[in-house]
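Take a look at this single chain, the form predicted alone, given in structure tokens.
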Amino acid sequence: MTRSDETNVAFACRALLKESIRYAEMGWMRGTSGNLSLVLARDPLRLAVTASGVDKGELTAADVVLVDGAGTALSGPAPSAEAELHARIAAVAGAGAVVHVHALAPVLAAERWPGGVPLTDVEMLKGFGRAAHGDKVVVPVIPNDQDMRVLGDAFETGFRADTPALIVSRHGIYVWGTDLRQARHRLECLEWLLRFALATSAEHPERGM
């Protein structure tokens, strides 16, 4: 790893540690679940990713890994296997940051709408980067798989540039943005939207969304 890489990773560490603690406190990264990434370079693609098997509320600088465009570690401890999917999302979507958490609402929504979660005519959609009215959003849902190439292919098949999120059924959700802050705002708004969809669907099952 070059001195420039070390400087970039050190900067990324501070941002990733701060965000990880926030999500852990919200209960969205229980145990050692979830992972975050920040793109450091595009050509070649380089990402800083949180390490595998670590409590995200207790991360240290040693728990952030530099990976390449295939999600392979270039330094430090082993990254999560999901680093490969982070890299795939960053490459395909042009994302600057990817957030993966295990919040409950997305997993429940994927059970209710396994073909994709429909959302429309809710003001909070503006916080997700879509219009509040007349804009039907469908958040993609893909089956879980332990092979990240399978997940990456499924993500790419259903990818839409205007929908920066992916739910992996019975697993969790990925949301991305130009940076960690935008990804966080989108995730927070989308999690609210999914809870709203579940609640209104339960109250009026004939409506769906």
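Note that the coordinates shown come from a computational prediction; the quantities given were computed from them, not determined experimentally. For every residue, the number given is its place in the sequence shown, counted from 1.
A second form of this protein, the form predicted in complex with a further copy of the same chain, is not displayed here; the remarks below concern that form.
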Check for me whether a further copy of the same chain, as it appears in the predicted bound form, comes within 4.5 angstroms of all of Asp55, Glu123 and Arg184 - heavy atoms only. yes
Tell me the stretch among 134 to 142, 69 to 77, 89 to 97, 108 to 116 that has any heavy atom within 4.5 angstroms of a further copy of the same chain in the predicted bound form. 108 to 116
Which one of Arg160, Arg170, Arg42, Arg149 is close to a further copy of the same chain in the predicted bound form, taking close to mean a heavy atom within 4.5 Å? Arg170
Do Leu17 and a further copy of the same chain share at least one heavy atom pair within 4.5 Å in the predicted bound form? no
Please tell me whether any heavy atom belonging to Phe11 falls inside 4.5 Å of a heavy atom of a further copy of the same chain, as the geometry stands in the predicted bound form. no
Partner proximity in the predicted bound form: Thr32 to a further copy of the same chain, non-hydrogen atom cutoff 4.5 Å: yes
4.5 angstroms heavy atom contact with a further copy of the same chain in the predicted bound form for Met26: yes
Contacts from 75 to 90 to a further copy of the same chain in the predicted bound form (any heavy atom within 4.5 Å), listed N to C, are Glu82
